[in-house]
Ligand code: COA
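Below sits a lone chain in structure tokens, taken as the form predicted alone.
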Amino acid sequence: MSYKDVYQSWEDDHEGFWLEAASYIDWDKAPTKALTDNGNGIYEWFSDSLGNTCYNAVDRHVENGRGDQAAIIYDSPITGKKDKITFAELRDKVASLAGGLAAKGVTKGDRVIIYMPMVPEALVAMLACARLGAIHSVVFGGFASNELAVRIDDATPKAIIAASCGLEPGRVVHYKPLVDGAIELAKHKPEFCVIYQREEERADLIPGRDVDWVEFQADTPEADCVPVEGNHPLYILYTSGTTGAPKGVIRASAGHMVALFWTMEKIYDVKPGDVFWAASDVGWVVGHSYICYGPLLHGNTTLVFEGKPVGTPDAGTFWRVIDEHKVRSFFTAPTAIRAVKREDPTGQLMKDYDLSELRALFLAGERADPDTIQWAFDHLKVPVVDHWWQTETGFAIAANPLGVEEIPVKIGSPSVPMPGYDVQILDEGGNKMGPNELGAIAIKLPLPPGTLPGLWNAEDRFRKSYLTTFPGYYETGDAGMIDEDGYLYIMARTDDVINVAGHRLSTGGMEEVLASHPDVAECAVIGVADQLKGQMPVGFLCLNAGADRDHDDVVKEVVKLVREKIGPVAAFKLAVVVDRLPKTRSGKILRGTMVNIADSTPWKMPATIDDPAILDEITEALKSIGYAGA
């Protein structure tokens, strides 16, 4: 079947299409109905089913004769360690950890926060929660204590599973003090913490609260898989909001299994037993969908990589891993390929490795610029697929479905909508726009299985965030267009969430931190184009009247503040002190215009600007830090 045939088969029978996809999952009670409409834009998939994600990702492969196949390959160029865990070994590890959790009272519906580096134990922890029907919330390891505390208070976990430390090139990231600090800050207190002690740093445990990963599961019986309803949450994953509070995206169990299984063959073009590698982190949605669940559900070997695209030890590390472990399908962020390209522009290091097993490179997390796509294609000689999706959707909205048909590539486009997604371009009034017209990208409801059914304890916020602007549609928050051939183009964010090296970060959240500095009266943060990371945040500071401070000192202090409050992931390094911010007469800061000036892209004087002369001052400030054509 061609792509058009497959998409048409979904259009002809939405529910029948997904019930057929559901037949590849092992159920305790198979779904008899695909979709439930709960009204007001709230939908559920396969609600009458009973099943368990851990069983489908682990146990069934052992029972079906795949027990000796590698489930996880661990490769850590930072420590020099490598390991392979078979499906049979993974089953034992997961059942044992789940048994330890169960003995401490963790049951179906309880929340567990996981705060781990890129080690196999992170996947074991996720799967152990899924085995019990507990709802995990993975927080990116190294996030600052106050960010972790916010998530503790929202998810109210019974337990936290953490490692003693994470490792970056040349330094140890001390996880345990961050966890202790977060618990101290949080109103909600978890009943206990499970600490996985790494050789590189052993943490001090607090008696009565902290338990050792090995010791606490040593004398407990293994736990069996607990069947859960199709609409039971598998996990909560927090994504940046435009205000201070993060949004807890819920992933329902049944639809998640069905959708991810479908994508492994149809989009990523892998067969059970093939090695699949997503070079991301378990703290992000890519890590959930395509390091942990997607590959294991489909019977693939997944790679857990603890390293960087450059510097561990060089820009050839990706190619070494692909050669050594015979990776068939590779998924990373454009910023990673840009980093490799910057260090090795002629692709010389690739020539040291046999990449003949690699059949495709997939890019997502931010817009893949044409130069990066072309460079990768010229050197790898395999399809380079830019595909587009969000934390909220959990899998690709638009892609080139290599397992169905390799359609012609249009560089700059993530190709075409996947089955389940009726993507439309709307004007401000919600009217459908024509080919090549720029507008808001929206998806007609219902969203497919595997996407978010809501936000954790925040139904009103879910409606306001996604369903209110265009009734009957999910608002993606992106702007773009669809050409006459049905190819989608993502042009810009329509809100103030910026993308730094594939990580969506809220400029509003950074502004809150800057505004907390005692000398800052007003501030703004914009995302400026960056060749390596896609975007970088730049802060503008208006100081309090009478604040007789050296500007460089204030800038250093706010940079330190953002690092402490949000974490190094924000990559916040640049700020400049200005007298005023450009605003409309109604008081709205003209961030979009500031971005255009910084990036030296054409712009028009906003009709509603209060004082046009301010833009000259902003231009000079940007030039002083290397932007605006400096």
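When you see a residue number, it is the position in the sequence shown, counting from 1. Quick caveat, the model's predicted, so the values are computed rather than measured.
This next part talks about the form predicted in complex with the named molecule, which is not shown.
**Q** Taking the named molecule in the model of the complex, would Gly439, Gly480 and Val595 all count as contacting it (heavy atom within 4.5 Å)?
**A** So, no: the whole triplet misses the named molecule.
**Q** Report the stretch among 273-281, 193-201, 96-104, 454-462 that approaches the named molecule in the model of the complex to within 4.5 Å, counting heavy atoms only.
**A** Partner-contacting stretch among the options: 273-281.
**Q** I'd like to check something about Tyr175: if you look in the model of the complex, is any of its heavy atoms closer than or equal to 4.5 Å to a heavy atom of the named molecule?
**A** Flag for Tyr175 set to yes.
**Q** Look up in the model of the complex whether Ala501 has a non-hydrogen atom within 4.5 angstroms of the named molecule, and give yes or no.
**A** Within the cut-off, so yes.
**Q** Quick check on Ala339: any heavy atom within 4.5 Å of the named molecule in the model of the complex?
**A** Close contact exists here: in the model of the complex, Ala339 approaches the named molecule to within 4.5 Å, heavy atoms only.
**Q** Closest heavy atom of Gly142 to the named molecule in the model of the complex, within 4.5 Å or not?
**A** Because a heavy atom of Gly142 falls inside 4.5 Å of the named molecule in the model of the complex, the answer is yes.
**Q** Check each of Ile72, Ile443, Ala364, Val538 and return the one that places a heavy atom within 4.5 angstroms of the named molecule in the model of the complex.
**A** It is Ala364 that has a heavy atom within 4.5 Å of the partner.
**Q** Since exactly one of Arg580, Lys29, Lys573, Lys33 fits, which has a heavy atom within 4.5 Å of the named molecule in the model of the complex?
**A** Only one listed residue qualifies here, and that residue is Lys573.
**Q** Suppose contact means any heavy atom within 4.5 Å; which members of 179-216 contact the named molecule in the model of the complex?
**A** Heavy-atom contacts to the named molecule in the model of the complex: nothing from 179-216.
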